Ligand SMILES: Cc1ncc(COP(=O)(O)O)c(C=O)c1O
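What follows is one chain in structure tokens, specifically the form predicted on its own.
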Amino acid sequence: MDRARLHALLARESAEAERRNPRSRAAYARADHLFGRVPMTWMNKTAGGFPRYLAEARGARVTDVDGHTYVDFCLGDTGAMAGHSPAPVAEAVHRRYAELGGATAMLPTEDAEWVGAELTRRFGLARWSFSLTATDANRWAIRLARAVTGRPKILVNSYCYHGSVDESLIVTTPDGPGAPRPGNVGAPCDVTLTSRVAEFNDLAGLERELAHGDVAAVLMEPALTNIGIVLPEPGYLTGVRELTRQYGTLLVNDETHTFSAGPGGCTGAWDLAPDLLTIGKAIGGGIPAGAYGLSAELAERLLARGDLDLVDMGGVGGTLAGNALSVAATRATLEHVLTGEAFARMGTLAERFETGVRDGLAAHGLPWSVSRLGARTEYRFTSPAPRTGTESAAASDPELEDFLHLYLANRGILLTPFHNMALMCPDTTEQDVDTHTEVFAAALAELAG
């Protein structure tokens, strides 16, 4: 690629973003009381030097304070996979909060059992508990795994993503026990004391680490997502399950992003059998919600342990977790929005998106690749598609990524800012997908010169 041309195009699109978004730029400049000038520092992961500020969002559309409306393929990085403010969820939230009240009364509601039964139907795990985030669901699953196995370490995949879980911030090294992931902030201890790491799709590496006999659980996504989609090779997930059983290690599937694979995520779509499952973001339809499920056998083992404080200060709960508002939103989302029919349509749209991208790459002979996981599609700057997290991280090209994100945003399309991921929701249309295909092809043509 002609890097000089890329630099010139990136500068042009950056200038256009500043011209088009004076109110967002001014709001960012005024935000003196926010750490990093944003509500969460990750909001600075945006091309163009400042974030666009939200005015309103409905369905598959977002409108910023400068009046620009976008086709939204970001969808809150999965949090809005149900679409923005879907009507059934809005109605359930209004009823629970404005009409019935008691959003945080610290009392259970009958909705919770309905949600638990539905999660069992979709994912197969027999018992469920709630959190507000997938990060907390993962933290609590890790605590339970350590408690029941008596083992100290957690194994994850290199360049995985499980929220801000301390144990997950480890990457592989050529000849060692792994190392802290670059940029890890204020780790409480050396991550190699708490964790082991293996590459995704590497069964030999996984067995080598499990053979130490100190791993309580393997915490993994059935397909990597947040470093770019990395799909499992044939036989890999079966091998993971066999090895974890062989070495007495629990298996935790984090379906927070891989929920895009279908109504039961990858676990349902691929007939997987984890001991625990964690999920968050999308299940609440935009209201903070998370959950973790346990096999019946594991739940019984834990509840039989009189030495474990599962009621008060044992470290597996929070005051707002399982609150009536979040649970009402989760029920509405699962019952009326993210249904099997919705997933089938979303998957068809993602396939259409994938085809459009492939056609654009073929037209210019670009050695890139495209991967799809149900309703989620992503293009990468390498071919063939990466097979491990480390390979996926090495395929990053920040300048090229910024150019594409800015080019698309300046023409009314939003992708997930962390990578080139597009997610479909029930309100996404074929025209939305075709608009991306057209604009993406125009961007490639400009890069080609």
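Because the structure is predicted, anything quoted here is derived from the model rather than measured. When you see a residue number, it is the position in the sequence shown, counting from 1.
Below, we refer to the form predicted together with this ligand, which is not included among the displayed structures.
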item: In the predicted bound form, His257 touching this ligand (heavy atom, 4.5 Å); value: yes
item: Partner proximity in the predicted bound form: Phe343 to this ligand, non-hydrogen atom cutoff 4.5 Å; value: no
item: This ligand contact at Thr330 in the predicted bound form, heavy atom, 4.5 Å; value: no
item: This ligand contact at Ala134 in the predicted bound form, heavy atom, 4.5 Å; value: yes
item: Which of 235-243, 297-305, 346-354, 135-143 lines the interface with this ligand in the predicted bound form (heavy atom within 4.5 Å); value: 135-143
item: In the predicted bound form, the one of Gly360, Gly163, Gly262, Gly286 near this ligand [non-hydrogen atom within 4.5 angstroms]; value: Gly163
item: Listed residue (Thr194, Asn226, Ser371, Thr172) with a non-hydrogen atom within 4.5 angstroms of this ligand in the predicted bound form; value: Asn226
item: Within 194-216, the residues that have a heavy atom no more than 4.5 Å from this ligand in the predicted bound form; value: none
